[in-house]
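In structure tokens, one chain follows: the form predicted on its own.
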Amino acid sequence: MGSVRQTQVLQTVLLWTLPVLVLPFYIAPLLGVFEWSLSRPEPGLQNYVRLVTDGDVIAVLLRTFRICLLVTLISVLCAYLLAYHWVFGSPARRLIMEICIFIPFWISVLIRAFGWIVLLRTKGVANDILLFSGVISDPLYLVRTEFSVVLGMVHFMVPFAVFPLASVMRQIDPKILLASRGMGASASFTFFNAFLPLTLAGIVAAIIIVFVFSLGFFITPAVLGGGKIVMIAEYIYIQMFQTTNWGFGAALSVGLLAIVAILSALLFRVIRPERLVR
């Protein structure tokens, strides 16, 4: 009886630990940010009106969504290939895939961003190789462009997209694919009409995860964009800490949080979380 009682107490403590920590360390500051958005520099909705009418803000938002959509598309395509070989490949191929997937988690995002600068700068490794091989006659301007920002973000996001895809792929019964081939279907027909539909839940999960993460990117666009490719997170930082326009920065933060909340709700509505962790 004493052991059962201790287990119940431990379960209760673990159950309430997260809500107790979330309330003072997340909810309270969030309410403070929301209050700033309505009260600074003066009470009213002027910050939210500016959010949907200011041309500069709209340009930053459109750039952010364009880059995030491109990053999401490339990341999910690359992750799909990695996940497929990770799940269905030979032991040697699985080992290679695991190295490709897990090694990036051990490297700081800041180090990765500066690594891309070394590779892509005018006198960097990429330009040296292209010049030496005769592909180009003059160095390419690759840093401080959308190309470099997208490349750095994709490098960071691919491993995150792999996990929901691999989780869904592991649930597919190989007998279904064998039955399709046994009935005379080609490999491409089997993939597009049997395998791909069965992985749709993982694809949607990967898309939403990558897109939500990409919306909040700060370090990679700031370093690789060099101040020329400003995304919404960096724009919020500028409003809060450089122009000290705290009210408008808070409104931008609330708007971004609302977008993330909607996408997260969509993720849990379209895909049951328990299905992805079996």
Partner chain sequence: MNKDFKRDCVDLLRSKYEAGQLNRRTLLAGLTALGVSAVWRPGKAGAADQLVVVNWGGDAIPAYEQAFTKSFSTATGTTIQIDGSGPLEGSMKTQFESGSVRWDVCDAEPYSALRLGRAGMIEPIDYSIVDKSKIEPGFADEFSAPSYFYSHVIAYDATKFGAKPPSSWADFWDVEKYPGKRTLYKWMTGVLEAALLADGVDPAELYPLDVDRALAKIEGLKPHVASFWQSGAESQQLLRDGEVSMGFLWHTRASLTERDTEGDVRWTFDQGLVTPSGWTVIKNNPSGAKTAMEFIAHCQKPEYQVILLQELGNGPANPAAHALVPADFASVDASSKENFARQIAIQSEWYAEHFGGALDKYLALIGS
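Positions refer to the first chain, counted from 1. Just so it is clear, the structure is predicted and the values come from calculations on it, not from any experiment.
Beyond what is shown, the protein has a form predicted together with its partner chain; the following relates to that form.
Put simply, of Y141, F191, F147, F88 only one has a heavy atom within 4.5 Å of its partner chain in the predicted bound form, and it is Y141. Proximity of R63, E234 and W246 to its partner chain in the predicted bound form is complete: all three residues have a non-hydrogen atom within 4.5 angstroms. In the predicted bound form, Q171 stays away from its partner chain, with no heavy atom inside 4.5 Å. Though the partner is left out of this view, R121 does reach within 4.5 Å of its partner chain in the predicted bound form, counting heavy atoms only. Among heavy atoms of G32, none comes within 4.5 Å of its partner chain in the predicted bound form. Proximity of G226 to its partner chain in the predicted bound form falls within the 4.5 Å heavy atom cutoff. Residues of 198-218 placing a heavy atom within 4.5 Å of its partner chain in the predicted bound form: none.
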